[in-house]
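A lone chain, given as structure tokens: the form predicted on its own.
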């Protein structure tokens, strides 16, 4: 991999990269099957990814005809890597075993270790015999929708496929490594004005936010819509507010500190609520919610934008769903993915059915949605909320930061890239987008 990295840094083309031999092993971050009980009896908050994520050499798998080898220059941390590392809500080796039963190629994934990571930016090294649209030497980013297009349920919207999976979470050979194995229909062009680490953090969260808000499979946001965005300076929320602004809507961002309020203002979000300053207490106790606090939130939103939100971008789950359903406008949409504060949600159904509201579930994005979201990155219409960068050997600490919510935006991880700031091919476009805007989250020290 050292020779491959040196060649990429020297600007080698596809023909030269194709001539380089592939190693027998590569450096990767992984969890171990024989350690899935290591946190038994430990509270979730006390489970430590630094103890379960290992970085060492693993064997290079054989390449299927519809796949590509990617030299990974940088990757990022997502919540699914945290879940894998603490073996919650269940160990991911069960996902790998189910994939192994589907086909000969699927059998490669059931190993004593699980290489994690659902984002990557890098360079194509080899392609299988069925790959048409990408070639060795192409600079790419990778989205994480891993789907078998032979299943009829995968067509129309591949996120409805019976065997849809998230790469690096429900499959092996993920992106937190020096090399990754991906399907050809996971590949997208890398943004030419971004560095490797800036390009690597976008695909999962940006595509998820795009589907939730913009796509016909989500809330189908219209111009003029007011959109309440929880966690608006975080990995998902920071993309959501940008999509709302780009689409002619008005985001109402909810954050948790004055510094995050200032960050959103610099991003162009005028209506921001500091929930800690407001002191909302949506739950009186473990079992009882407080409708008066829902009403106070609704009043605060109307004071900022003059109306209730047409759309609520909901991902915290248990702590906020009751308030989200109440605050949403009559006939509005609460679109939800994930549940970082708990999966078992409660809300007053009278406020849903009597006011004709809709709760819509959303999960990542299909290839078309991911591609369209990536084009907004490539054009500089959406900027990466990169807040910190770690080397691969410190992936455990990076995951710990996400697990304990000690970060904002996205955390990047350098894999083959030796330093930050490499991989920028279009400094003119970068200048046009604006260095201050691209590095906003780093400058705020988020």
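Positions refer to the first chain, counted from 1. In this text the structure is predicted, and so the values were computed from the model without any measurement.
One more form of this protein exists, namely the form predicted in complex with a small molecule; it is left out here, but the text below deals with it.
- Not one of 183, 210 and 368 comes within 4.5 Å of the small molecule in the predicted complex, counting any heavy atom.
- When you look in the predicted complex, the only residue of 311, 241, 254, 177 with a non-hydrogen atom within 4.5 Å of the small molecule is 254.
- Checking 402, 63, 382, 58 against the small molecule in the predicted complex, a heavy atom within 4.5 Å turns up for just one residue: 402.
- The small molecule is not shown here, and in the predicted complex it never comes within 4.5 Å of any heavy atom of residue 120.
- In the predicted complex, at least one heavy atom of residue 409 sits within 4.5 Å of a heavy atom of the small molecule.
- Residue contact with the small molecule in the predicted complex: residue 153 places no heavy atom within 4.5 Å of it.
- Contact check for residue 320: a non-hydrogen atom falls within 4.5 Å of the small molecule in the predicted complex.
- Just one listed stretch, out of 77-85, 327-335, 220-228, 97-105, contacts the small molecule in the predicted complex at the 4.5 Å heavy atom level, and that stretch is 77-85.
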